[in-house]
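Read the single chain below, which is given as structure tokens and is the form predicted alone.
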């Protein structure tokens, strides 16, 4: 009988059946889930009679940026769908893995390539976790360590909230991955009740809201979910999250030329966040073919916007995304949703 490495009950049952010392299982888990050692090294701690399934995903293609420290992984599920995971090697020496929570995305944001795909399915907990394992193994093989995990890949995490929450519970479980909650960030386009529910359940995990405009009508053109979850509800959700977490929530703001980067837009944003404990992360837009009408704000406009927020007293950073040359930057992740065998021609031609 094969069992999933992330299924604690199944692992314990097999341990008892094989009359193994619990220390053997701890060594195995430490090897795979904490040190991210190679499969053979992890399996060497177990008897050959134990039939353990280490991975629920397979790496179908890997693309490494020629410009910076980004790697884009195309991963196949057992149902032959393809998802994407990105490894970011920051110049400071830190490493981050950006994981997906869905195949495609139903949020349909105008600026996001993944949103143009629609939604095929939610990912299972084991599929979310295996992105971390596979990415971690690549980093370990390079002599690097994994510092941060961000849920900013394909999908809206709170459209798959149960699996995302369960995956993070396992990531922070001291008997499994033993990650610090502070090293994990979940980014959402804004589902108020899920934001507060998540903060109650996992208060130590960081949250980020993709806002992109404090003008309701303008935001609706960028993020259709604004119609269902308007700005006033998001404001209240952030207030509640602040009370639950006691630290700033990150506001992500995509810089779009002539759309949301004006002096007035910054003032409107400053008025909207009054009374909230937040910090800003401005994101230069990465162009996608499906949104030719959107362009990135000029660098000087981004700098002016950032300075205006700082002068209002808000911590503000500008995120310059890695992996733009391999379509691995923010908003660029997209694969068609048919089985991977039907995608390989397009992958090959892209190379």
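These numbers were taken from a predicted model, which means no experiment stands behind them. Residue numbers count along the first chain shown, from 1.
In what follows, reference is made to the form predicted in complex with S-adenosyl-L-homocysteine, a form of this protein that is not presented.
Query raised in the report: Since the chain is shown here on its own, which stretch among 54-62, 301-309, 283-291, 28-36 would lie within 4.5 Å of S-adenosyl-L-homocysteine in the predicted bound form, judged by heavy atoms?
Result: Heavy atoms within 4.5 Å of S-adenosyl-L-homocysteine in the predicted bound form occur in 283-291.
Query raised in the report: When you measure heavy atoms, are 155, 187 and 254 every one within 4.5 angstroms of S-adenosyl-L-homocysteine in the predicted bound form?
Result: Yes, all three are in contact.
Report task. Please pick, from 260, 131, 210, 71, the one residue with any non-hydrogen atom lying within 4.5 angstroms of S-adenosyl-L-homocysteine in the predicted bound form. Result -> That would be 210.
**Report entry** Residue (of 171, 87, 112, 75) lying close to S-adenosyl-L-homocysteine in the predicted bound form, criterion heavy atoms within 4.5 Å
**Finding:** By the 4.5 Å heavy-atom cutoff, the listed residue in contact is 112.
Report task. Check whether residue 177 has any heavy atom within 4.5 Å of a heavy atom of S-adenosyl-L-homocysteine in the predicted bound form, and answer yes or no. Result -> Outside the cut-off, so no.
Query - Any non-hydrogen atom of residue 151 within 4.5 angstroms of S-adenosyl-L-homocysteine in the predicted bound form - result: Within the cut-off, so yes.
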